[in-house]
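Take a look at this single chain, the form predicted on its own, given in structure tokens.
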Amino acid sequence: MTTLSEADSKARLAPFGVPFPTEHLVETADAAVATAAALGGPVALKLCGDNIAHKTERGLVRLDVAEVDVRDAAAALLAAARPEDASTGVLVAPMVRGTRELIAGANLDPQFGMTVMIGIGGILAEALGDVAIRLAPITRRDALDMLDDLSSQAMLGPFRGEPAVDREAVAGVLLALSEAATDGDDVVSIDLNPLVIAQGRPVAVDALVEVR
């Protein structure tokens, strides 16, 4: 099995309609500075590599980085790369802000075949274990039913000054996952974590695709 880099995972999923923020893969700290200036505002920086799956645990993610701090942050990330990471550079993306997070993905079950999943994410994900799963391929009705199956419905309504979750938009993400997971026979799993709800709409700020 092979896990694609974050950049390659997003490139694999974007054509199916998974919503990602505009981001750029750069190879130097100077390029990171120029990219951040073009994006404007604070940015997120992540070390990207063919063999990097658990960036947060290794401190390879910098969030809410001001423009004046981008050079140092990018240089530190590049310096933290190990030979086995097969690093391809630093991903520079605008900060996506939201008070709610979902998790979504697909997984090849050895008994039932490909499945699609949606759940409540963020710091409460493990405590709640609030997820819904369907066999792929799914229909739009299936996707909407999955959202209805979640126990934490209050998290999907208006929340802390933000509008209700756009259920049709989230259903669109699930349909995109279903299509991406069943297009060909090499996908083993897809992980979108987190799927940030920004002003009611889902934005996938991280993605990992595992293939045969």
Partner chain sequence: MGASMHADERFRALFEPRGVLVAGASTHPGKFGFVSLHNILASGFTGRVVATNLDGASVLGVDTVRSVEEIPSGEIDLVVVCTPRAANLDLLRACAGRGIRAAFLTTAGYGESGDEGRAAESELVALCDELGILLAGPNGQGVVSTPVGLCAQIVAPYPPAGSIGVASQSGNFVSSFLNWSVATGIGISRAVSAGNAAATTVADYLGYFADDPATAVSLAYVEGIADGRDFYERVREVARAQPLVLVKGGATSGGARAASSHTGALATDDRVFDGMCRQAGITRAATVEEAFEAAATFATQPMPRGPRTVVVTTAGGWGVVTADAISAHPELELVALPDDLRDTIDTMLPPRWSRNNPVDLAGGETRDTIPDVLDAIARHRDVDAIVYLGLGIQSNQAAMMANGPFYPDHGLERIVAYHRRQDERFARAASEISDATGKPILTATELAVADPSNPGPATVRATGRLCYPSANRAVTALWHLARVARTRRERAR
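Residue numbers count along the first chain shown, from 1. Quick caveat: nothing in here was measured; it's all calculated off a predicted structure.
There is also a form predicted in complex with the partner chain; it is not shown, and the following applies to it.
The three residues L4, V18 and D50 each lack any heavy atom within 4.5 Å of the partner chain in the predicted bound form. The partner chain is not shown here, and in the predicted bound form it never comes within 4.5 Å of any heavy atom of R71. In the predicted bound form, the partner chain lies within 4.5 Å of some heavy atom of I138. In the predicted bound form, no heavy atom of A76 sits within 4.5 Å of the partner chain. Contact check for D142: a non-hydrogen atom falls within 4.5 Å of the partner chain in the predicted bound form. The stretch that touches the partner chain in the predicted bound form, counting heavy atoms within 4.5 Å, is 144-152, out of 61-69, 32-40, 161-169, 144-152. Proximity to the partner chain in the predicted bound form, defined as a heavy atom within 4.5 Å, singles out one entry of A81, I120, I133, M95, which is I133.
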